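Presented as structure tokens, the chain that follows is alone, the form predicted alone.
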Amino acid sequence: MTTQIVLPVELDAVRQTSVNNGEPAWLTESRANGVKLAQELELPRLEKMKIERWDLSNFGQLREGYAASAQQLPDSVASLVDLKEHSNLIVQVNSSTQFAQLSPELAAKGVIFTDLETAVREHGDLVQRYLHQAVKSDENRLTALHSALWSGGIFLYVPRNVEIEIPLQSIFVQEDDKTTFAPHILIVAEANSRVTYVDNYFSAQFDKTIVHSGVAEVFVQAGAKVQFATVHNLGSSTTDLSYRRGIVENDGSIEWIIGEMNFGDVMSETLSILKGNGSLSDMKVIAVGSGSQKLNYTTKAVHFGKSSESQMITRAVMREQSTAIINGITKIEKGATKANGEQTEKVLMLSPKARGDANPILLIDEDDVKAGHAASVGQVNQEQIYYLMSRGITREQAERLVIYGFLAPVVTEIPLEPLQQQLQGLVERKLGQ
């Protein structure tokens, strides 16, 4: 049986809500166009998985009115941050900003770090220039719905030549199954700047399935360096649909570090578009599947620039009856001479009923390039287990060490030590240890 997406609001209602929220005319029309496109476009086609069979009936209601931020952290996230160490922080609950703080030093340098709705009001021309330019509204029904219903999110702007040493962090919590859960992350790093951005996603357990419709757009200008780390820890009643996309200019670089620790079904696509000569993309993804989860992960790099480089590493651990489709796509366009694209996908299955499928894909339209891939799907290596046990370690401890060693190439790259520890705890929780 196919689940139909029922639009949560009508076209006129979207327009009226946008007007009531004081949004500019260009954004009102952008939302209205998203509704029209959602009625016309099809769902995306997933490799070896039918998303039309998923429960995508509840996108929630577009929130009306903006709550002012309060300088007090919600109890649900207070333990995750140390304000003395990480003062650059935004926390949103049910798409409303509950806490926002940017250091005076960064503000004095022209850095903008605020919720996206505030940015629309205070920096409208800048936001309009980039919003929906990397993830287009007309790509498919999901991107159209997001452009119509996005609520909350982050705008991060780093001026030319500004280098930020301390990571900027945001936390998104969904405690209400009636409000749209569709934050939009928009990052602009101007020429020769440097920034690290980290975010966390959490959701409560609901009586019915709710859809998280998330988009992240990152624009890396010439010589800029952006590190983007994200951990998704959404409950089993939340379906996670996420698009992440970076556009990288000459000699710019983007590093993606992604922890997929959800308990519900997931579709995510992370794409780097290497437009510039000498541009660089590095993607690291770990995922742990449990229960009857259906997971579909795509990492992709498209090379346009000469001497551009991409590296993709995905590690997934599957247990119980979970199913994962993992796609790695390297596309080298004609004219991207001296480009180099490498990718590795590995799936470790802990149960005979778990399923993992790794699909490395190379699409090469230029001769003078380098490209390679590696993929493996299998059970825990028993020789490694026996070797560790011969050193006096129990089987349970040995299996844990092998699994952590399997995931370590990504976990150790998390730019915040508390986030590393949190991800380690989430891995243990998902593995039932």
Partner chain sequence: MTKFVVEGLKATIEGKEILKGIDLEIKGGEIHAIMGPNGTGKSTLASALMGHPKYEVTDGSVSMNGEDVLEMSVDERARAGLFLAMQYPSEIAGVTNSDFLRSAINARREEGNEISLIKFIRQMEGKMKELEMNPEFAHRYLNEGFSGGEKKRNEILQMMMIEPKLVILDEVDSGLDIDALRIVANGVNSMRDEDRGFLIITHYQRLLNYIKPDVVHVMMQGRIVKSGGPELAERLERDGYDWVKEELGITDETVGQEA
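Here, rigid core means the biggest group of C-alpha atoms that superpose within 1.5 Å across both forms. Numbering follows the first chain given and starts at 1. It should be emphasised that the depicted structure is a prediction, and the values quoted were computed from it without experimental measurement.
There is also a form predicted in complex with its partner chain; it is not shown, and the following applies to it.
The contact with its partner chain in the model of the complex, taken as any heavy atom within 4.5 Å, belongs to M389 out of M389, A32, L43, A375. Contact between T412 and its partner chain in the model of the complex is found at the 4.5 Å heavy atom cutoff.
Contact check for D367: every heavy atom lies farther than 4.5 Å from its partner chain in the model of the complex.
Although the partner is absent here, G65 sits far enough away that none of its heavy atoms falls within 4.5 Å of its partner chain in the model of the complex.
Its partner chain in the model of the complex comes within 4.5 Å of no heavy atom belonging to K48.
The partner is not drawn, yet in the model of the complex one stretch among 395-403, 49-57, 367-375, 23-31 has residues with heavy atoms inside 4.5 Å of its partner chain: 395-403. After superposition on the rigid core, the Cα of T412 moves by 2 Å or more between the shown form and the other one.
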